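The form predicted alone is given below as one chain in C-alpha cells.
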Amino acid sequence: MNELIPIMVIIPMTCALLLSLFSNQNKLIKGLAFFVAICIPIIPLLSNYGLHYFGGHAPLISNLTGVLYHPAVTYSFQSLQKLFIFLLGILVFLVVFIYINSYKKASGPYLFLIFMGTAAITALMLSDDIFHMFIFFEIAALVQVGIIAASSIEDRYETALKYMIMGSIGGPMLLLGIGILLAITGSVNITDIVYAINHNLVSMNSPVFLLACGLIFFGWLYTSGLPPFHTIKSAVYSKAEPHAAALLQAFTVITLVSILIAMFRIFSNLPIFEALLVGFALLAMILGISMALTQNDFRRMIGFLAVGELGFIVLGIGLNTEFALTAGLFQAINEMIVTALLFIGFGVVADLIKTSDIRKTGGLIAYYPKLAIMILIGGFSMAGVPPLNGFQSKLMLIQASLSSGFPEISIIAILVSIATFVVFVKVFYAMFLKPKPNDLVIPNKKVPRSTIFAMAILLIMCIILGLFPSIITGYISGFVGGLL
C-alpha cells in the first residue's frame, strides 16, 4: 500500500482542525495555512500510483469463486486523481495566498472551511467506496454553505439557506440510491458492484436497479449544479468572495467528475444512461448560455456560464468513446482553471467599484488595464478562442461528436461557444471600454498584488495548456484506457 495516498486527505483535515483550535493566533494560523497550502499540491506529485486499504484490510478472496472482495474503504490513486488533486492543490494555494494577503487578521473558522472542503473533495476523488463518497460530499456541501455565509455580499444568508434546502432533497435521494445498490449487490465498494453487474449477479433490467440509477442520477444533478439546480448553483458562486467562488467551482467540477465516473462504471451498460448524460449536458449548455445572456450582474453571468461549461464535460462522458472521454475530462481541467481566473477577476472588480451591475460600469480599462487584459484572455479561453486551452478541449469535443455520428451536437457546441464569446464581448465593453458613467466613483485603490499574481499563474496555465495540450491529455488517456 502507498501510505502517501491517505495523507492527501489527512493533512488538510488536520490543518483545518488546528486552524479552528488556534483561531485567535493570527500569525500562527496564517503561517500554518500558507505552509500546508504549499504542501497540498506537492504530495500527489510525490505519491506513486496504487491502492490504499484503510485498517490494512486487503481484499479477501472467496474460496468458492476466487473473486476479490473489498471489506475496507479503498482509495485508488491513478493518473486522473493525480492530475485533479494536484490542480486542486494549486488553486487552494492561490486562494489562501490571496486571502492571507488581503486581510490583516485571518479568520480561523474561514480557513477551517477552506481546508476541510479541500480534504472532503480530495477524499471524494480518491474513494472507490460510493457510500464513503456520499459522506464526504455532504461534508463538502456544508463547507460550501459556510463559505457563502462567511462572505460579505448581500443576501448571502438567503442563498446559503436555499442551497441547504435543496440539499435536503438531493442528498437523501442520492443516499437512497446508494442504499438500494447495497441491498441488491451486498457491497458499497464500486469495484465489487461492477463485478456483480458484469457477472450477471444483478439484473440490470430489474425495476429496483433502474430505481437506484434514477435516484443516484438525480442526486448527482444536485451535487453538480446541473438543471434543474442550475439557478441555485449560479447564485452560490455570486454570493461568495471572489477567491472563494473560484474554489467552490473547483469543488463542483471535481464532485461532478468523481460521482460521474462512479456512475459510468456502474450504469454505463444501461442504454438509457448515455442518452440521459447527453440530454442533460445539452440542456445545461443551452440554459447556461441563455440565462447568461439575460444577466446584467456580471457575477451571476459568470455563474451561469460556469454551469453551462459543465455541460461540455458531461457531453464528453456521455458520448462514451475513448477520445470523447479524454476530451470531456480535459474540459474539466480547463473549466477549473479558466473559471477560477474569471471569478477572481470579476470579483475583484466588483469589490473595487462596489457594484456588479454592468449598466453602472464603464471606462475601467484606464484604471485597471492589466486586470482588463487578463479577464479578456480568460473570457476568450472559456469561449474557445485559439490558441488557448478552452479551444483545445472544445475542438476535441466537437471532433468526438462528429466521429460518433452526431453532427447536430457539434453544431450546438459551436453555437454555444459563439454565444459565450458574444457574452464576454458585451460584458467587457460595458465594464472596460464604454464611457465611464458620471455617477460611478472609482476609488484610488490598486488591484492587490496577490490577486494579480494568482490570475497571472492561471493565465499562464491557460496559454501553456492551449499550446501543449498533450501535457494533460496524456495523463487522461492512460486513465480512460483502463476505464473502458
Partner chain sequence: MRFYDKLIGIFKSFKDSTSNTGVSANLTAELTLISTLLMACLLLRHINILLSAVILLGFAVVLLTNMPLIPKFKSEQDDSLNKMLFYVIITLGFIITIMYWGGNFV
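Residue numbers count along the first chain shown, from 1. None of the values given here were measured: they were computed from a predicted structure.
The protein also exists as the form predicted together with the partner chain; that form is not presented, and the subsequent description refers to it.
> If you check in the predicted bound form, do F35, S107 and L260 all have a non-hydrogen atom within 4.5 Å of the partner chain?
Not one of the three qualifies.
> Pick the stretch from 341-349, 390-398, 161-169, 360-368 whose residues have a heavy atom within 4.5 Å of the partner chain in the predicted bound form.
That would be stretch 161-169.
> Using heavy atoms only and a 4.5 Å cut-off, determine which of Y195, F217, F93, F134 is in contact with the partner chain in the predicted bound form.
Looking at Y195, F217, F93, F134 one by one, just F217 meets the 4.5 Å heavy-atom criterion.
> Consider the chain as shown here, without its partner, and state which of I373, L276, A72, A150 has a heavy atom within 4.5 Å of the partner chain in the predicted bound form.
Checked against the cut-off, the match is L276.
> In the predicted bound form, is there a heavy atom of the partner chain that lies within 4.5 Å of any heavy atom of N101, even though the partner is absent here?
Answer no; every heavy atom of N101 is more than 4.5 Å from the partner chain in the predicted bound form.
> Using heavy atoms and a 4.5 Å limit, would one call K436 a contact residue for the partner chain in the predicted bound form?
Close contact is absent here: in the predicted bound form, K436 is far from the partner chain, nothing within 4.5 Å, heavy atoms only.
> Can you check whether L51 is within 4.5 Å of the partner chain in the predicted bound form, heavy atom basis?
No - in the predicted bound form, heavy atoms of L51 and the partner chain never come within 4.5 Å of each other.
> Flag N200 as yes or no: does it have a non-hydrogen atom within 4.5 angstroms of any non-hydrogen atom of the partner chain in the predicted bound form?
Taking the distances in the predicted bound form, the answer for N200 is no, it never comes within 4.5 Å of the partner chain.
> For a quick check, can you give me the residues of 211-233 that have a heavy atom within 4.5 Å of the partner chain in the predicted bound form?
Those in contact are L211, C213, G214, L215, F217, F218, L221, P228, F229, H230, T231, I232.
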